[in-house]
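As a starting point, one isolated chain is supplied in structure tokens, in the form predicted on its own.
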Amino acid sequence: MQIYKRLIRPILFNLPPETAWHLSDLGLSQTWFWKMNWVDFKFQSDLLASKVAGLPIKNPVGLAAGYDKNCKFLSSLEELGFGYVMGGTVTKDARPGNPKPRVIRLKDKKALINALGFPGNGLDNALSEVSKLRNHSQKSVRILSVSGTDISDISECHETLEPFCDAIELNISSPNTKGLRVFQEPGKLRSLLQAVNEHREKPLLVKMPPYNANGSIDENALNLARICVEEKVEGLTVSNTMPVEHQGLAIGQGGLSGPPLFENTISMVKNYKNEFANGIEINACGGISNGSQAYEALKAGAASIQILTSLIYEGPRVVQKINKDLNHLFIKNGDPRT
């Protein structure tokens, strides 16, 4: 991690965020390198075995949706030691996303604000990419994130991509995608889930909206979760980025990610766990960047944790570091999930 922090990150952070991201993608495209060096990123312990959406995983650290939007680099990302990786978010049609600038670094907080708005190459392109994965050995559970503003479009994305992954996540909560919040209305969410359930054969997760910044219980979010339970959804991702305003973004607002979200994430996980006990799986997403924070999330009731911003700030060894620290805490303090 020191090489990344001392050499690679300073170079990348001197570039505009999306330029740096594209440069990182160029590195991830060298699949041969990551397969050759996978041992350098691996940490394995039976103590860390967990589940996501009921599927066994070797450790509880997952890659959140949004890093590999077009599902081009999942094979390389799997070599970094994740228990599961999330591709997407995929929409039916190609989308340019919001106007630039649309990503801001908050370096002092190791945080990001993004107003990307689901830029991507669309369903047909994603299908082409995930079809290629059949030629690569699978190192972790693969989940694909899908979204949109129309039930039929989302349902088509789900039905088309489900055969090429282990589970699907429905993103109903991006704070910077116009029209998406329609599915935060209970009746609309139920209709969406019922449409997806007509043809689904594999586990389903739903990415929930965040609570308010003060962490107070959000009854609307809990009501959406109750509908997910009633419609037999296996897991909830708790949660998405926090809506904030920023004049540096072309649209004036975006979603905050990184350490500032951590306390709110823990509060949400506890609330969901208290409400649903073991009735639905909870996966913590937001502000987790080290083993202590991951341990706290698991203790609060999460089955797994998802990272993205910490991968950008800490580098490709962050998964190994989190798992090593988690294993030490498991030995020292016991498994928080029991």
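Please read all numbers here as calculations on a predicted model, not as lab measurements. Quick note: we count residues from 1 along the sequence shown, nothing fancier.
The discussion below concerns the form predicted together with a small molecule, not included here.
Contact annotation: residue 330 falls outside 4.5 Å of the small molecule in the model of the complex, judged by heavy atom distances. Within 4.5 Å of some heavy atom of the small molecule in the model of the complex lies at least one heavy atom of residue 64. In the model of the complex, the small molecule stays beyond 4.5 Å of every heavy atom belonging to residue 84. Taking the partner from elsewhere, residue 155 is found to have every heavy atom lying beyond 4.5 Å of the small molecule in the model of the complex.
At a distance of at most 4.5 angstroms from the small molecule in the model of the complex, all three residues 116, 239 and 286 contribute at least one non-hydrogen atom. Contact with the small molecule in the model of the complex, defined as any heavy atom within 4.5 Å, is confined among 160-168, 106-114, 186-194, 245-253 to 106-114.
Interface residue among 300, 47, 57, 308 relative to the small molecule in the model of the complex, by the heavy atom within 4.5 Å criterion: 308.
For the options 203, 258, 120, 209, the one in contact with the small molecule in the model of the complex, meaning a heavy atom within 4.5 Å, is 258.
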